[in-house]
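Just one chain follows, in the form predicted on its own, and it is written as C-alpha cells.
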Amino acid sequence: MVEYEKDPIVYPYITEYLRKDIPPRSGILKELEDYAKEHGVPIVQPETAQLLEVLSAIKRPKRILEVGCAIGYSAILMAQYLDVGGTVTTLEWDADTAQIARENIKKAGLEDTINVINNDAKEVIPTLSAEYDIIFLDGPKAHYIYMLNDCIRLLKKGGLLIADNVLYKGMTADDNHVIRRKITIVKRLRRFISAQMQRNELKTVVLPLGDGVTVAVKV
C-alpha cells in the first residue's frame, strides 16, 4: 500500500464503491500501475485518473502541461485524448525518474507526443510562453502556490488548471490532522486553494476525491 492510501480523505467504503466499476487498465497503463504498486511510486489514484480522463475527453486539448511526471502514467493517460497533432509537456526534476518516464513513453509509442523536461518546474515554468488547454499540477505540493501566476498566464481562456493532493490526507482542512513536519506544506496548500478562489480569472472547485483535487477554468 503506497503512502497516499494510508490516510484517505474519503471513507474507505465510499472509495471502494467509486472504484468498483472503473474499467481495469490494460497495456502500458496496467504495467505502470503494477510497477507503482510494487515500488511505492505515487501515481494518481484510480478515481482521480478517471477524472483526468473525463476532463481530457471533454476538452480534447491541443497542448497539455504537467508538473510532476514521475514514471509517465498521467501523461500517457491524458495523451489518449489529445486533439490531432496535440502534445504533452511534462516536467520532472529527478533525472533517474525522468529517464524511466521516457522509456515508458517510448514503449507507449508516444515519444513524439510527450516531451519530458528534466528540470525544476519553478525554473522552467516562468520561461514558457505557449498557451495550454490543460495544466496538471502533481509535483511538490508546497510549490503550487508559487506557480499559480504563471499557470494562469499560460492557460488558454476556457482552459483547465487541475491540481492533485490539495487536501493532503485531510491536513489542509483541519489543524487537528496536521503532522508537525508537514505544517509548511499544509499552509502553502491552503494559500494555493484560497488564491485560486479569489482570482477573478478563475472559477474553481475543490473536490474531495482521491487526495483532494482542485479544478479551475480560466474565464
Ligand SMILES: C[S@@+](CC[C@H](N)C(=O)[O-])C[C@H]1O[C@@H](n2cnc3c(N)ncnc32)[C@H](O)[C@@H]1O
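Don't overthink the numbering: it's just position in the shown sequence, from 1. On a predicted model such as this, the values are computed, not experimentally measured, just so you know.
Although it is not shown, the form predicted together with the named molecule is what the next lines describe.
With the named molecule omitted here, the record of contacts in the predicted complex names 43-51 of 176-184, 154-162, 43-51, 57-65, defined by a heavy atom within 4.5 Å. Shown without its partner, this chain lists Q80, Q99, N149, N119 as candidates; in the predicted complex, only N119 has a non-hydrogen atom within 4.5 angstroms of the named molecule. Within 4.5 Å of any heavy atom of the named molecule in the predicted complex lies no heavy atom of Y132. For L91, a non-hydrogen atom is located within 4.5 Å of the named molecule in the predicted complex, even though that partner is not displayed. None of the heavy atoms of V166 is located within 4.5 Å of the named molecule in the predicted complex. When contacts are judged by a 4.5 Å heavy atom cut-off, N104 does not count as touching the named molecule in the predicted complex.
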